[in-house]
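This document starts with two versions of one protein chain, written out as structure tokens and named structure 1 and structure 2.
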Structure 1
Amino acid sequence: MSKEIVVSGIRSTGYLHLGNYFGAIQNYVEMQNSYNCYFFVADYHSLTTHPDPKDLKKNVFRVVAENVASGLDPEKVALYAQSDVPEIPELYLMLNMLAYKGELEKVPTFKDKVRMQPDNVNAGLLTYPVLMAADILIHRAVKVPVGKDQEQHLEMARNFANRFNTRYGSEFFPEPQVYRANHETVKIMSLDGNGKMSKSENVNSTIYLSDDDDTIRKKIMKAKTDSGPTEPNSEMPDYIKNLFVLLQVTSTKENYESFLNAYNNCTIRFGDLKRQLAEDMAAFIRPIREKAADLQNDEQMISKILKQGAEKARESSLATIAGARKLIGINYY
């Protein structure tokens, strides 16, 4: 039986952080042995915020290096840059004809961007979910490992796939589904308790895969806590739950359970929890940071990975575009 097709991407807009790792990369690494995987750096997506041309290559290479340092094997998956696959913008154009202004304007991430950058509300921002659908549908993927923040975009990709199928009387595109490891998509919060951890906001409350041990310790020791619960088995506020999520994924089961018990019987000392978490997090990130730094210095190696990935990605993309053109009626010779 052929393996199921998986697609996911990461924008090249800054340093990767724990949200990217636990929301996406960890799943990529888990999936690479059992699925036919296409993972890419979404460099076209990053153009919505007009990055300086001299930074683009460095940013793209860093995302590749950090993925490989986290355990992604470019021999097993197609690891490529979005801009190396011209069939993606071609499918994006086709899907744009099936996407409506009204539905795009209602997307929460678009509304956020309008609020945050009112003087740069460009058409690329509005049609961001269409490009994302093209990224996924170009390989006719069925599973998409992403964090919780991308679920709405996935729903739109399913809508566009169905609309294309209905209009052109076919079952050409399957419906891509969010991949849920342990039946839950993760959301890692910022350590100050304000929203999700993100590449460009709350730099001091975001832990990056490139942070050194001392920076990690400092950020964790400053994480938001409170005076602790006064009633046994109290519900945790989100910012405390986030520290427990991070402890669970980086520390031992014993440590996690012991702090959880302390929370539930109101004897928790958040200073102790943070000290433990800081050490475990530093030990967790260290090998990724060191390997990524080595890889990034090897430009030839990264170029080779991207070239090889683009070849694999184009093979599948060309087949999809040929099929889509035929269904639409672009079939002149």
Structure 2
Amino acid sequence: MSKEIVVSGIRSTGYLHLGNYFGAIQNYVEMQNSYNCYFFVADYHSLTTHPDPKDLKKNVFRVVAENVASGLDPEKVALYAQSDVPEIPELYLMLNMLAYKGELEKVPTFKDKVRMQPDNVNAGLLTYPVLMAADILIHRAVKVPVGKDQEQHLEMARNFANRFNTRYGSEFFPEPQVYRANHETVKIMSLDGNGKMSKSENVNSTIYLSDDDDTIRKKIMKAKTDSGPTEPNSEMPDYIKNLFVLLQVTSTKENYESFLNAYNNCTIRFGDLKRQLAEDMAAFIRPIREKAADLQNDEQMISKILKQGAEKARESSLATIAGARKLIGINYY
């Protein structure tokens, strides 16, 4: 019995952080044993913000290294650069004929980008959901792991698949659905209590997979806390709850329960909690950081991983494009 196809993309801008690890990479590692997985580095998508050409290769290689260091196995999945699969922009062109200006302008992420970069409202920003749909449909994926903020893009991918099928009288493209993990995804908040950890914002309150031990300790020790509860079993503020979430995923069960009991008994000492968390967090990040650094120093190995992934991805993509061309009528010989 063939495995279901799963596709997911990773932006090549910014440094991966703890939120990326628990929100996405951990799921990738879990999925690679049960699904036919295509994971790509979205370097074409990054061009909408005009990254410096000298940074692009370095960013792509770093993202690949950090994902592999976190447990992704290139032998089990297709791990590739978006730009290494020319069938993706070809399908993107086809799907653009089924996308309409009015619906694209209403997409919340497009409106956000217009506010953030008013001097760079390029066509790529407007048609971002179409390229995302092409990324998914090129492998005729049935499941896509996405966050809440990307679910509308996935709905649009379903719409484009349905429009193609309706226009060309086929059931060629499946309508991809949101992948739901068997466990609740851990949500990691910024250490300053303001929103999620981010690749580019609140850098001093974000734990990156590339942070060294001392940097991790300093960031944890500066994490927002308060004077502690005044009544037993008090509800935790979000920023305190986040510290306990981090402790739960990086420390021992005994440590977590000890500090939780102290909080519920109003005897918590946040300095002690943060010192314990800092050491556990440093120990958790260290092997990922060190393996990623070793990989980044071996460009030949990363190139091999990307080439191998592109070969797997193109085998699937060529079949999709051949089928789509035939349905459209673009088959002259």
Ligand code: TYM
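Take the two forms, superpose them, and find the largest set of C-alpha atoms that agree within 1.5 Å; that set is the rigid core. No experiment lies behind these values; they were computed from the predicted model shown. Just so we're on the same page, residue numbers count up from 1 along structure 1's sequence.
Matching the description of the form predicted in complex with tryptophanyl-5'AMP is structure 1; structure 2 comes from elsewhere.
After superposing the rigid core, the Cα of residue 43 is displaced by less than 2 Å between structures 1 and 2.
With the core superposed, residue 221 shows a C-alpha displacement of at least 2 Å between structures 1 and 2. In this overlay on the rigid core, residue 248 has a C-alpha that sits 2 Å or more away from its partner position between structures 1 and 2. The Cα position of residue 231 changes by 8.3 Å between structures 1 and 2 once both are aligned on the rigid core.
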